[in-house]
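A single chain, nothing else alongside it, follows as structure tokens in the form predicted on its own.
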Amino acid sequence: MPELPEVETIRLGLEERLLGALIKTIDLRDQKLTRGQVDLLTIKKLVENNYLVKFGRCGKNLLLFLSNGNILFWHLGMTGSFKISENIEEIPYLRAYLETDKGYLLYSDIRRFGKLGVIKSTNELKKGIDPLGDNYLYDNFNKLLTSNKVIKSFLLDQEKISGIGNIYADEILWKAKILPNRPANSLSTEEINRLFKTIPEVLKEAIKHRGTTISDYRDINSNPGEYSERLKVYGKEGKPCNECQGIIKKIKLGGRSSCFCSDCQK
């Protein structure tokens, strides 16, 4: 699933190519995208004949700000991706598209878990604090760490911290030297400080390398993310740790796999 760095990489690409573009048409090839919350005719009235004045991101949601004050939000689900083209192409699994005066924005999605809608304010998305946002402050972060939920599950809870998925949770905990099965409320002040600092560091480094491609993710130029080559523990079960040469292990936590180094992480 595209996580914060992948969505941010897409946002930057769209901003470069489509900022100021006029939306002529929006069309949905797959009505499931709206999850029954709004019909295509309503979306057309709210979106068409408006300019794209800003591109934003809220957690894993891509935000397209329109000149009429509405926001078209897009969650990419497990396998959603975008491509900009001069024509409507019959790309595999095409689910929706925007026709603009700067080209077509095509959305494909193999597994159909993506979602779009129109909102007036980002407050309607009800997400946790964004690790790269203005509300990512130590006091806000520290107040969340009162649960006995394991720290890996805490990082994946989008109502607590928005944008982090399985890949970056493993990488963050490795760099912060914290075992994924530690209860969140067991962390010392030093560990909390280290985790608070590490989260944006890892995410910014991933954005610098245009995200992580494990299977489906591509940027708007159809290029895979290069952070895959820099992963330290995710998907490395049975391999030696880059730092201590200990063997990386994998366990299940909350139904999700977690890779870690038991020598480096405490």
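One rule holds for the numbers: they count along the sequence shown, beginning at 1. Computed from a predicted model, the values in this text were never measured in an experiment.
Although not depicted, the form predicted together with the DNA is the subject of the following passage.
- For L40, no non-hydrogen atom is located within 4.5 Å of the DNA in the predicted complex, even though that partner is not displayed.
- The closest non-hydrogen atom of K249 lies beyond 4.5 Å of the DNA in the predicted complex.
- For G254, a non-hydrogen atom is located within 4.5 Å of the DNA in the predicted complex, even though that partner is not displayed.
- Not displayed here, the DNA is kept clear of K175 by more than 4.5 Å at the level of heavy atoms in the predicted complex.
- Heavy atoms within 4.5 Å of the DNA in the predicted complex belong, among the stretches 196-204, 43-51, 210-218, 63-71, to residues of 210-218.
- This chain is displayed alone, yet in the predicted complex one of V118, I129, V150, L125 has a heavy atom within 4.5 Å of the DNA; that residue is V150.
- This chain is drawn without the DNA; in the predicted complex, the residue among R29, K32, R230, K239 with a heavy atom within 4.5 Å of it is K32.
- For the partner-free chain shown, just Y234 of 218-247 comes within 4.5 angstroms of the DNA in the predicted complex, judged by any non-hydrogen atom.
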